[in-house]
Ligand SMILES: Cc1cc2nc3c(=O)[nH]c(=O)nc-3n(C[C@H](O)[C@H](O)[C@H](O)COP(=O)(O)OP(=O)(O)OC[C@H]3O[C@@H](n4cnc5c(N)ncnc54)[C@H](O)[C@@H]3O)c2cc1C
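Shown next as structure tokens: one chain only, the form predicted on its own.
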């Protein structure tokens, strides 16, 4: 039986959505696997998240230390090496913190490392078959990972279906005393929050988001007209900000804002993992793109192959005629 651990990221006492996705990933690895959540933090927020995870995981390892109050992968890595079996399979979210923590942990554990996994195809002996995407999602790469000495992997948030919590309570195991020496060369300075512009896209239930398919700055007005018809807000992908067609506060993605809309209209957006990393809360995604092979169609609830410059005006007119 494969022993799998999942590191649970959280903020302000609330676990990230990927915490609900790790169990589905673990089942794709090995249906009979033993899955344990690991939560590192400090104080009441840590206790709240650890308790919440008992409705999802049968065992939750809690590591409480004031040094975990701030994001420092070097410190967390030291603790994990002392607490987690070195031959275990360890899952992390493929986010900025996971990408910082996981590679060095694999070196310390002397185990295999694989990043940005979007699917698992099971185990054959000590070989784990996994899938990741290349070239912005245009190509899928199938990998064979030797997990005989363990493995550290980051999985893409949103790639696996979230599970529902149960009423059965799991067990919390406090391993704070086993963390060992947590001295570090890094020093936490501060968290710089993203700027909030004239519109806060994180508060909107419906977003009309535009990408390269908008083609020209003047066409942003077409998206704005659709957003007004839908009582929505216009957001965008990074190329639009880089072109200075919209302000940074409108950008959705790992280098922009994290949003949790109920409906996400992806207009002319290819769907890179950096962009999708800013989408949380399992929104209903409508994707319109003239490229039928655009990666966004792999996650969309509704996919339409069409030029957005033709589609958006027609949709706006149809809504206004209701």
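Residue numbers count along the first chain shown, from 1. Not measured: the values here are computed from a predicted model. Take the two forms, superpose them, and find the largest set of C-alpha atoms that agree within 1.5 Å; that set is the rigid core.
Below: the form predicted together with the named molecule, not depicted.
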With the named molecule left out of view, choose which of 211, 158, 170, 150 has a non-hydrogen atom within 4.5 angstroms of it in the predicted complex. 211
Which is the contacting stretch out of 122 to 130, 212 to 220, 184 to 192, 140 to 148, given heavy atoms within 4.5 Å of the named molecule in the predicted complex? 212 to 220
Check residue 271 for me: does it contact the named molecule in the predicted complex (non-hydrogen atoms, 4.5 angstroms)? yes
Does any part of residue 309 reach within 4.5 Å of the named molecule in the predicted complex? Heavy atoms only, please. yes
Just checking whether residue 282 would be counted as a contact of the named molecule in the predicted complex - the rule being heavy atoms within 4.5 angstroms. no
So in the predicted complex, does residue 254 come within 4.5 Å of the named molecule, heavy atom to heavy atom? yes
At 4.5 Å, heavy atom to heavy atom, what parts of 215 to 244 sit next to the named molecule in the predicted complex? List them in sequence order, or say none. 215, 237, 238, 239
Core fit, then residue 101 C-alpha moves 2 Å or more between the shown form and the other one: no
Is residue 156 one of the residues whose Cα moves 2 Å or more between the shown form and the other one, with the core superposed? no
Using a superposition on the rigid core, decide whether the Cα position of residue 10 changes by 2 angstroms or more between the shown form and the other one. no
